[in-house]
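In the block that follows, a single chain appears as structure tokens, in the form predicted on its own.
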Amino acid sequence: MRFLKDSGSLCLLEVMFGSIWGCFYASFLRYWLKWFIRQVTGRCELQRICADCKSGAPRTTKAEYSLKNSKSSVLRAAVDVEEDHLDQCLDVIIREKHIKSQKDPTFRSNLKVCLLQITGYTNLFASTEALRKENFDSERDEHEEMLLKLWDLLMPDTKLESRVTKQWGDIGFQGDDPKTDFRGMGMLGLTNLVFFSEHYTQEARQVLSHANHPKLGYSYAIVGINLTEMAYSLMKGGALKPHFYNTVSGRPQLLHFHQLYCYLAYHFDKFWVEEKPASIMEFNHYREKFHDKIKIQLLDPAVSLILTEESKKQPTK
């Protein structure tokens, strides 16, 4: 018992020390370290990042950290700049940091890409959130058409007998009317399901066939909506930044979020089949196990969760 108390005290001290060191570094040491390196190199931190770091997540992540932790309000505000004011913002930053464009001709263009990616991520989450909050409405023709399109894409040889029918269970909905299953993720869940089925039709039908397996099966549509929630949560927490910074050279759009979902849908199915769960009752356990694997992948600065022929061959690490 004494050992456990000592271990707990030691962990608490380590956390406290880490917190104190972090505050000291952020508030005092970092400023003087940056000042010293600038005197030696003749370049500010942002210049060094834009020139020395590889484009994509390695560069944009460091640029974002530098801007957010700057003592300058001008630089801190840059991470929220609107696209229409981006060039004006860059002019202000260049003046603020006394950067000579003729001596560093690539700085402006490199930082512009970083800012497009940083602000684009924020805007993409806002668009994703808006679609998530849009409830499925059976009175709206576009919603109904999208739902029926999902059926036609997945079950081209089977005619839907009626709008409300037990047939919806064949593609993994819980009841006779799928509209009740979209309550958590709204139209974001349906849009992802349709996007995967439309743009990766062969893969989606393959996944559906696995989902309908008599022993290893799972509810295709319900799991798909659950994976939408996973992608949404990862995005909300900022974990998807490295992926989007590596795969989109400018502002990411909803298209790119849907593509990420396709990767998750395909690789979750692959993971499920390889793991061979005893029953669907173990879904939450394997869902979290898959979630952890994705989070580990996202720690890789070179991460790219795009469903390509090459990624289909690779196991989820």
Partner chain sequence: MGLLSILRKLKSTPDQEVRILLLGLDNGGKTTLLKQLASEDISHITPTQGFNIKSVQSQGFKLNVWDIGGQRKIRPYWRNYFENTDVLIYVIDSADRKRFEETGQELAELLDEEKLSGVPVLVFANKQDLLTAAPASEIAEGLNLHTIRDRAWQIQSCSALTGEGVQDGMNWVCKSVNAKKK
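Quick caveat: nothing in here was measured; it's all calculated off a predicted structure. Numbering follows the first chain given and starts at 1.
Separately, the form predicted together with the partner chain exists; it is not shown, and the next lines address it.
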query: Residue contact check: residue 284 to the partner chain in the predicted bound form, 4.5 Å heavy atom; finding: yes
query: Partner proximity in the predicted bound form: residue 237 to the partner chain, non-hydrogen atom cutoff 4.5 Å; finding: no
query: Partner contact for residue 183 in the predicted bound form: the partner chain, 4.5 angstroms, heavy atom; finding: yes
query: Proximity of residue 249 to the partner chain in the predicted bound form, heavy atoms at 4.5 Å; finding: no
query: Interface residue in the predicted bound form among 280, 273, 255, 51, criterion: non-hydrogen atom within 4.5 angstroms of the partner chain; finding: 280
query: Contacting member of 203, 96, 229, 104, with respect to the partner chain in the predicted bound form [4.5 Å, heavy atom]; finding: 229
query: Region of this chain that lies against the partner chain in the predicted bound form, out of 192 to 200, 144 to 152, 114 to 122, 167 to 175 [heavy atom, 4.5 Å]; finding: 167 to 175
query: Partner contacts in the predicted bound form for 207 to 231 (non-hydrogen atom within 4.5 angstroms of the partner chain); finding: 218, 219, 222, 223, 225, 226, 229
